[in-house]
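A single chain, nothing else alongside it, follows as structure tokens in the form predicted on its own.
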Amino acid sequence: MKRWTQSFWDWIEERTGISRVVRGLLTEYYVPANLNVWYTMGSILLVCFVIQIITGILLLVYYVPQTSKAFESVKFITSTVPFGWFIRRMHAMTANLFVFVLFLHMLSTLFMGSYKKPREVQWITGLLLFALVLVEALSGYLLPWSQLSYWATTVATNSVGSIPLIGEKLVVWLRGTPKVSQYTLGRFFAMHVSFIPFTILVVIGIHLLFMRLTGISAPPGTDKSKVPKVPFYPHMVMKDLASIFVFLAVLMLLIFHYPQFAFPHDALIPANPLETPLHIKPEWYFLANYQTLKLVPNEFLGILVQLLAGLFLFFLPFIDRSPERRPLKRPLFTTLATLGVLAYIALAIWGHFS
């Protein structure tokens, strides 16, 4: 048996050279020895993406993208399909943690100055991934066709209508019809299960390619000549696995003990276009945007302010061109960035309780 296995492996190796590829990715790929937990966020995000793909495919086996059957199909998955409740909870909870870990990953990159030359493309692709994941979450939010998902999608798409001249046409383009309907569900379903995941996969590939080309940035203030380098495997792999296991433990805790975090009361009621709930609010990761639109007198102005903030972050590597990466050596930037993060958190809390 051992001889046959070795022969088979030799046959594969002769035709693919896979062992050289594995060595190049793991044991012969060297990284700074002082990488900390913040550098494991990317691996956690990859795990999130894989979980979403697997659980999404399993949910597709029973889900029916029709307004008359969507809610009942989700109910069938939850109550009748073996372990369907677990798969659905895992999909929903991982979506929330996906966004949360993305926030942490972007913030660590921001404060450690890892967006600076020569890693501008990594920052830009990271921002694109962040935007794509948010759009993916929004498109998936409608699919259960619950009271919460229907009206939250209505409110979210209504905001586009405030854009002068083309706003109403954009709303119809997003929904397929003037109101959220079967056409909207079909469009969001197509985006959620095919176009956006494929685009995310492509951008992840570009992001990882440039990470390998430029190398992993060492923590700020590191003297590259004094910090030894170690093989990615086993040193960094072990750190990644430790963080992944902690993440999975938190995920299981939420799934088994706090399901209401992803499934509030209105998410368990079928959609009723004739009955508007009193207090429909978006998911927590859109609360700051939601509160900003409430505070700004003109809704289009509120959208414009958020768009300008996004563009500023997009071009940040070309605006902040100083090679200094240590946060304490950049007091103005660190202060402004901290105030920006605190303002975002405050707006989200305000939006939750308002």
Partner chain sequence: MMKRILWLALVWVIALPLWSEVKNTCVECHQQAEEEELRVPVEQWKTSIHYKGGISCSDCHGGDPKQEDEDLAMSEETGFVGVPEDTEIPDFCGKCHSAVRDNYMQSAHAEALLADEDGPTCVTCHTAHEQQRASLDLINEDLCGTCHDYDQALRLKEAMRAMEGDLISMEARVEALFSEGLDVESEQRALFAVRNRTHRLTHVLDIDRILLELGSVRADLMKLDSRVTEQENIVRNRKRVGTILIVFFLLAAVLARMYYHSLKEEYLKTHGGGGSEEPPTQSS
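Here, rigid core means the biggest group of C-alpha atoms that superpose within 1.5 Å across both forms. Note that this is a predicted model, so its numbers are computed, not measured. Numbering follows the first chain given and starts at 1.
What comes next is about the form predicted together with the partner chain, which does not appear here.
Trainee: Exactly one of W85, W284, F100, W173 has a non-hydrogen atom within 4.5 Å of the partner chain in the predicted bound form; which residue is it?
Mentor: Result of the distance check: W85.
Trainee: Heavy atom within 4.5 Å of the partner chain in the predicted bound form: which of L107, I166, V227, I206?
Mentor: If I apply the 4.5 Å criterion carefully, the residue I get is V227.
Trainee: Kindly confirm or deny that S114, Y290 and A346 each have some heavy atom within 4.5 angstroms of the partner chain in the predicted bound form.
Mentor: No residue of the spot touches the partner chain in the predicted bound form.
Trainee: Given that the partner is absent here, state which listed stretch (229-237, 186-194, 138-146, 124-132) has heavy atoms within 4.5 Å of the partner chain in the predicted bound form.
Mentor: Looking at the partner contacts, the answer comes out as 229-237.
Trainee: Even though the partner isn't displayed, in the predicted bound form is L304 close enough to the partner chain, meaning a heavy atom within 4.5 Å?
Mentor: Answer no; every heavy atom of L304 is more than 4.5 Å from the partner chain in the predicted bound form.
Trainee: Is the gap between H265 and the partner chain in the predicted bound form 4.5 Å or less for some heavy atom pair?
Mentor: So H265 counts as contacting the partner chain.
Trainee: Hey, in the predicted bound form, is V155 touching the partner chain, heavy atoms inside 4.5 Å?
Mentor: Outside the cut-off, so no.
Trainee: Determine whether any heavy atom of Y30 comes within 4.5 Å of a heavy atom of the partner chain in the predicted bound form, and answer yes or no.
Mentor: Yes, Y30 is a contact residue.
Trainee: Does K226 shift between this form and the one not shown by 2 angstroms or more at the C-alpha, the core having been superposed?
Mentor: True for K226: a C-alpha shift of 2 Å or more.
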